[in-house]
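The data below hold one chain only, encoded as structure tokens and taken in the form predicted alone.
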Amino acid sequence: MEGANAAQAEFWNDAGGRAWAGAHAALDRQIRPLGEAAMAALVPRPGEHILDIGCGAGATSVALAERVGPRGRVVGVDISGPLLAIAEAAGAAIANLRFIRDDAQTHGFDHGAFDAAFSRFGVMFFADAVAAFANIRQALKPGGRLAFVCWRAMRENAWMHVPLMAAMPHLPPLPTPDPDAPGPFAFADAARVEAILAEAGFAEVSIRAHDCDIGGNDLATTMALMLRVGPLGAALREAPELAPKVEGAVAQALAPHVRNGEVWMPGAVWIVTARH
């Protein structure tokens, strides 16, 4: 695949995208409160045109379409064919919603077409974040709003950190990640996020920490989720034969976090807002 984000396009249209698509219902249940916090910061209004960046399987796009009502319009954009297939099925009967399969970093959005742009964990994967946000900014009307949610450091997010640490004795040594490379934790540094948005031309940048427990799935579903996505899922895609060896350790690590039959663990994110 060609383009500025060829590596991400390959990942999200191959094993990574299929893994997320297969787990999309459990994933949405788990991270829904964090998306709702970012949507509350955006304050979608009836009649607005809103761009949903990295919309994935479309849950946030559907929610935005409900908020803007029949006089509004929502466009979801994502690079992943497997996830967009789910989104398009979910939104097929929603007249004010459509989806684009393309890279938001380079897609030719109409200038000034949107009142606002939103993302739930869809903006940390750009090869050139400044170029991507500059492209998103030109798609907004003057004064248009931006709101997104992104992960803070992995060590602050127990739902990813705890399973990986439990599995580590059974895994080969993992490479030290580049903290600025495209990936789920690329925006963990708030100062970097602020600098990117400022360089892309955004004003009134606000970055606030938001913490809440996330989960809502039973232990078996959570186990399956941890082994498919996130840092542990990435490690096991490289060595799937190790999955049986780590399952017991991960289940033991998750057991203390079960409440009323559901696993709940801390999630730590930034809620970011800005204006054109």
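Note that residue numbering begins at 1 and tracks the sequence as displayed. Everything numeric in this text was worked out from a predicted model, so none of it was measured.
Here the subject shifts to the form predicted together with a small molecule, a form of this protein not shown in this document.
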Review point. Would Trp20, Cys55 and Ala104 all count as contacting the small molecule in the model of the complex, using a 4.5 Å heavy atom cut-off?
Key: yes
Exercise for review: Would you mind picking out the stretch of 121-129, 88-96, 140-148, 193-201 that comes within 4.5 angstroms of the small molecule in the model of the complex, counting non-hydrogen atoms?
Suggested key: 121-129
Check your understanding: So in the model of the complex, does Asn5 come within 4.5 Å of the small molecule, heavy atom to heavy atom?
Key -> yes
Practice item. Using a 4.5 Å heavy atom cut-off, state whether Val74 contacts the small molecule in the model of the complex. Key: no
Review point. If you check in the model of the complex, is Met39 within 4.5 Å of the small molecule, heavy atoms only?
Key: no
Review point. Can you check whether Ile31 is within 4.5 Å of the small molecule in the model of the complex, heavy atom basis?
Key: yes
